[in-house]
Each structure stands twice: as structure tokens, then as C-alpha cells.
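Just the one chain here, laid out as C-alpha cells, in the form predicted alone.
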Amino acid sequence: MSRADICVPCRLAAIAAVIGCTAAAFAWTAGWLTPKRVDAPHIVNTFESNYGIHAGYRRNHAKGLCVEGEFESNGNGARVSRAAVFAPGETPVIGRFAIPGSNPSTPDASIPVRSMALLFQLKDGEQWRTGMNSAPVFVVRTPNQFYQQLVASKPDPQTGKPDPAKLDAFFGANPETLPFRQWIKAHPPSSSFANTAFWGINAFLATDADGNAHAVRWEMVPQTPYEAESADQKLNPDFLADDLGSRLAQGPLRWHLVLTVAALGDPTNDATQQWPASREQIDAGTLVLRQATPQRSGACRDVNYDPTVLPDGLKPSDDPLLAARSAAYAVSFNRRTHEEAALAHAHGEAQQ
């Protein structure tokens, strides 16, 4: 597949994304795009209704820890993107490992998915922020479906768990969820953040130095061999953080950043669908993580890992989840930082 085969439609989409990306996030937050449907406050409110408010924590992926290191680019990524991060050299990285959910005390073994979020700090002041999960597809295609899933997942007060009948009804009405459910069933949770592969899930538009646009997705492929979590680990509610600390004490951990380039006809607006394995893949360099710190005191604490914060050479695609993620992350960020400020103020008064 040549560049010319995909650059025309992608270039048009890129122009539209440049004009509309930022405005779309704010409009979606306010509900202007869907005045009779779900908006970002609806989603964040539902997280709080389902799982309670844990002051100062993210409304989702609440349990996590900060990591720091650098990205060593080999220059290969410049074939599809002029972003400075893909030029040969090193870029500092502030990252975060986490598991999904609103409760910062939930046991690690209760969640089959792990997440990695990264902020690449480019030399010219630009940033690239990305949030990735340990499954190559997302469970739903649209923000409305995500909201419906949250509603269906509300824990029963008697059992503390979701009602299986409501979940089955949701899955039955939304067959797009099947690829995610099949993948999770076939892939036992990993024993470590270090041996987990992380996928960006959403599609993005990369523009090269000649102005040609390419639809891409990315994945972090670990150098550490995968192992499933053990029975002993399941007895430790914090085994992921403990394991990561032990590994980093022995030396840095590494992942390869692999870009997958779409062909004409590959969907860019549906995160529930994988692209064929035959698509071009580019090893763009190595992520090197050197230290981990608790999120309360770490560099990632005040970072909103908004996936639409992108450097020149990368743009959002037409995936509807991107604007929704950006908007919901902003609502969550504003609420938790206000709570942190209130807690700090109360603590200061108590010390006087």
C-alpha cells in the first residue's frame, strides 16, 4: 500500500481534526454536541455514583504509581510523522502505571486490565500524552455505549457486585463488545507491569515531513517476557507495585514503541476493531523506565493524561472516544485537584 493510497482521505481528515479537535472536547464537555445524550459530567458522576467519591483521586484508574525515564528514538518513526519525538535522540518521560476503577484500595488481582500513561516532554516545549491499556481493543465504540456500560455495571447494594443479568443485557444489545470480551477471556492477567504490552487503542493521524498523512495506532511491547499472575500474587492486594519496585531496584525496564500504519479502509473511528496483523509496523525506539514513586508525591500526580495533547506531526482521528476521553479527564482532573487543595487547606489549618 503506497502513501498515495491513503494520504488524500487522511489529509482531509487531518485538516478537519486541526480545526475541530480542541473545540470538540470543550463542546462535548458542555453537552453542546449531544444536548439530549450523555456528556462528560454524566460519565464522571456515574463513576462517583457507582463507586463512591475518593477525594483527591482520579475517577477512573485511581490506583496507580508514577514512573520516570526517557524515550530513545531510533529515527524510524519519522517515516510517518514529523513529530520531534521521532527524531533520533532522547526525550524525558513522566509516566503512570494503574489499574482501572475508582477505588484506590482495590486489590490488583480483581482487575484483569493494566494501564500505562505517558507524557513525553519535547525539547521545544511541546508534549505528547498518551493513555494505553493492556488489551488491543476497547470494550465499546461510542461514549454513549460507555455510559450505558457504567449504568449496567452499578454494584448491587446487597452483593457489592454488578447484576449479571444487567451486564448480559448490555452485552447482548452491544455486540461490538465481543472482541474485547473474547480477548480478555483468552489472555490471563499479567504478573507484572514490566511484562505487559500496552496498546493505544484509538487511531491517530500522523503527518510526515512532506505533508503526507497516515492513520496510525501504537503499542508498547515489553522486553520482559510475559507471565500470568500467580496464585501467591493474588493474595497480595498490591503485588503490581511491589513487583515493579523490586524489578526497578535491579535496573531499568524497557518497552519498544511500535507504530502500526493503516491501509485504505481500515477503521479509524472504531476502537473495538483491530487492524489486520499484516499491516506495516515500525519499531520507533525504546521506552526506558528507571524509577517509580508513589502517586501522591510523584511527578505524575498533577498530570492529566489527555490523549488529545499531541505534538506537531500527530493529530486526533475521527474516533468519537477521543473527544470524550479528553472531556471526561478534564472533569475528573478539576474535581480531584479541587479536593486536593481543600484537603491541603484543612491540613494547614489543623497545624496552626
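No experiment lies behind these values; they were computed from the predicted model shown. From 1 onward, residues are counted along the sequence shown.
There is another form of the same protein, the form predicted in complex with a small molecule; it is not shown, and what comes next is about it.
Contact with the small molecule in the predicted complex, judged as any non-hydrogen atom within 4.5 angstroms, is confined among 272 to 280, 72 to 80, 143 to 151, 163 to 171 to 143 to 151. The small molecule is not drawn, but in the predicted complex it has no heavy atom within 4.5 Å of residue 215.
By the criterion of a heavy atom within 4.5 Å, residue 222 is excluded from the residues contacting the small molecule in the predicted complex. Within this chain, residue 132 lines the site of the small molecule in the predicted complex, having a heavy atom no more than 4.5 Å away.
Although the partner is absent here, residue 115 sits close enough that one of its heavy atoms falls within 4.5 Å of the small molecule in the predicted complex.
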